[in-house]
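Listed next as structure tokens is one chain, alone, in the form predicted on its own.
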Amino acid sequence: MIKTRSIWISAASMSCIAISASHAFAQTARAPFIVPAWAFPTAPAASPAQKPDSVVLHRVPNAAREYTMRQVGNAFDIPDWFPPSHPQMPAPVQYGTRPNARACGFCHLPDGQGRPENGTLAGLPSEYIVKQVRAFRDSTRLAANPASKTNSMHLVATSTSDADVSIAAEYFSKLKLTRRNIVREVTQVPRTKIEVMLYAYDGAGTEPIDGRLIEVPETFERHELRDPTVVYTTFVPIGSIARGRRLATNGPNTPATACATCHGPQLLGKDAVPPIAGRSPSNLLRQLMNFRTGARHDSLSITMAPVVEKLTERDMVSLAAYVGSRPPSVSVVAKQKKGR
């Protein structure tokens, strides 16, 4: 029982209030916002699927190892281009468990840097990672993607034991994020095409940015080789970073809804609240849209409700551009301040 201003409220009633608040957010935030398809690049895989080559050896810059494409695509013994860049991987990260619990490092990479379509795990609180896997498992973390509300993580989450999730979460939480993204404000963006779940450069020429956020790897080949050092460029409209800074600092509604209120003044996280600075802008954008539409509606999403409630597409692009451009660690922030 909880006593507040002489009114006794049962724990069961409090639980109902929390559930009702979550449900109300999902209902009110879902209707007015139309998700743009460009924010969730999705293209069908080749059919029939091509069998990966098992003869030709490939390398990435500065790596001593070589892998065939068949080895690169092995989700149960993942490629590791730079072993010295991270501690020894535990079994759930390197091998996973057949047939459906593929290795965590296959998508999120051995050093946790991840890729735009997979998300970055390095430096996230272990408790947060565990809760997010549970949300995937319970289908309370869905996607606003017009093409599909679920993705491969839902199958992985339902196929991975709690013990393995905890082991992997502890491993990734101790890794350090290195920002690999350059955010560029433009009026014209290089022409791109969709490659499965990612934009890739498509020859010469440009086209209007037209309010979009487009994230592209330096070379699609290195992205496909799961090179953790490949650089990504994010193209956004002129003025996005400054607009995003105002929204993140002052809040879209009130100062209480400012990003810094929960995620810390440098957006590097506080306690169990995850750090968001320096992470993939396109992934950040999709998560804002997931919250905005109610696709993410687990218990942790309730605090995001007043933040995303009135965000426009332009607001979300700006916030993602600004947050993704920020330094991902205290040491980098300190160096920047010292150099001023």
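Note that this is a predicted model, so its numbers are computed, not measured. Residue numbers run from 1 along the displayed sequence.
There is another form of this protein, the form predicted together with a small molecule, and it is not shown here; the text below is about that form.
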>> Just to confirm the contact call: exactly one of 134-142, 210-218, 231-239, 79-87 touches the small molecule in the predicted complex at a 4.5 Å heavy atom cutoff, so which is it?
In response: 134-142
> Hey, in the predicted complex, does residue 103 get a heavy atom within 4.5 angstroms of the small molecule?
Replying inline: yes
>> Is it the case that residue 287, even though its partner is missing from this view, gets within 4.5 Å of the small molecule in the predicted complex, heavy atoms only?
In response: yes
>> Considering non-hydrogen atoms and a 4.5 Å limit, does the small molecule approach residue 313 in the predicted complex?
In response: no
> Taking heavy atoms only, is residue 301 within 4.5 angstroms of the small molecule in the predicted complex?
Replying inline: yes
>> I have 124, 256 and 323 flagged as a candidate spot, so tell me whether each of them has a non-hydrogen atom within 4.5 Å of the small molecule in the predicted complex.
In response: yes
> Of the residues 222, 180, 243, 263, which one places a heavy atom within 4.5 Å of the small molecule in the predicted complex?
Replying inline: 263
> Of 152, 206, 187, 158, which one comes within 4.5 Å of the small molecule in the predicted complex, counting heavy atoms only?
Replying inline: 152
